[in-house]
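Here we start with a single chain on its own, the form predicted on its own, put down as structure tokens.
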């Protein structure tokens, strides 16, 4: 076993947890109060009326009313056309339109935009992000991720991992998911950042991060936000800045191969940008940002072209408005 493998093995042994290790939420609240920290939950949304109500009810009843682990629950919305915001507000979440936060900087559609603006809007010393489409939602999706930050000062960024059975019309398929990770991201990490292959699910949408870390990171507005975070923080602080927590299982809706292709294209753009930004390659060629796909219908064949440019938001701490609000 070479030195690289030894470092990965050591990190897996010290920085990888199972959520059951943090079963006592009462103990987590004590640790939070002892550390003098506040915790905010951000749920980014776009047309999630079928699942958002259940998430808000569960987190509020378990982690605010029963145990005061969370200091706020906020939904940051990209402009839903269904009842997502009304349902979330009715069940007790603070609701915000992403376009209404820092309006002088404009609005860009994309999950990364919501996550970035949440840093400005929310007040917590720790911000936990949880996707809005989880069908088997449970308090562990927050408590399990926040716990390592409460107990270990050196940990800055905690990622979730889980088995990802796919919810289909006929029920739940017992295995699957993580396809973009295994086909695209893990091979890229193996070539350029082999220590990051220790992350079980680098693209998971659930993670908890210290504010001082989040405010220093660039935020791609689209699919590449998680990849960008891992690379930039790793380059700055190394693998020991991370931890990961096994949440057992996450049931969510399936995505088509067409949609996974779009996701991969966005992530690949971000990855190449990070190679240049971090000086790993001297200069990238100019790309036109057009993702070209094909479809066949009978004997008719056509191209589907979509322009996808992974714009980035700057570190939040560089904004004068943020400095004024959060010091």
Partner chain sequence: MEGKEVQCLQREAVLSNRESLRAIRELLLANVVMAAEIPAPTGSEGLLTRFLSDRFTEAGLTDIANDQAGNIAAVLPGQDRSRNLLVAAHVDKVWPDSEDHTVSVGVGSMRGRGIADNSLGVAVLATLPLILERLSIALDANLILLGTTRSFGRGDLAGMRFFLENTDQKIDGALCVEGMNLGRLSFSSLGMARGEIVVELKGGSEDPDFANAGVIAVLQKALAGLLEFNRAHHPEVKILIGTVDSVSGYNVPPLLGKICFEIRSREAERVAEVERLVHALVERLQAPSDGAAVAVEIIARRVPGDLGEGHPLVKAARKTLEILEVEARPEPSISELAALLEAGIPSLTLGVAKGEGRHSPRETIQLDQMQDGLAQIVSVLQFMDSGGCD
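Everything numeric in this text was worked out from a predicted model, so none of it was measured. Positions refer to the first chain, counted from 1.
Another form exists, predicted together with its partner chain; not displayed. Remarks below refer to it.
Asks: May I ask you to check whether residue 29 falls inside a 4.5 Å heavy atom distance of its partner chain in the predicted bound form?
Replies: It does not: once its partner chain is placed as it appears in the predicted bound form, residue 29 has no heavy atom within 4.5 Å of it.
Asks: Would you check, heavy atoms only and a 4.5 Å threshold, whether residue 107 touches its partner chain in the predicted bound form?
Replies: Residue-level check for residue 107: no, no contact with its partner chain.
Asks: Using the partner position in the predicted bound form, report whether residue 58 sits within 4.5 Å of its partner chain, counting heavy atoms only.
Replies: Residue 58: yes, in contact with its partner chain in the predicted bound form.
Asks: Whether residue 87 contacts its partner chain in the predicted bound form should be assessed with a 4.5 Å heavy atom distance threshold; does it?
Replies: Yes, residue 87 is a contact residue.
Asks: Would you mind picking out the stretch of 259 to 267, 36 to 44, 66 to 74, 288 to 296 that comes within 4.5 angstroms of its partner chain in the predicted bound form, counting non-hydrogen atoms?
Replies: Correct option: 66 to 74.
Asks: Quick one: of 152, 236, 135, 179, which gets a non-hydrogen atom within 4.5 angstroms of its partner chain in the predicted bound form?
Replies: Selected option: 135.
Asks: Consider the chain as shown here, without its partner, and state which of 161, 96, 91, 189 has a heavy atom within 4.5 Å of its partner chain in the predicted bound form.
Replies: Only one option qualifies, and that one is 91.
Asks: Do any residues of 23 to 56 have a non-hydrogen atom within 4.5 angstroms of its partner chain in the predicted bound form? If so, which ones, in sequence order?
Replies: The stretch touches the partner through 26, 49, 50, 53, 54.
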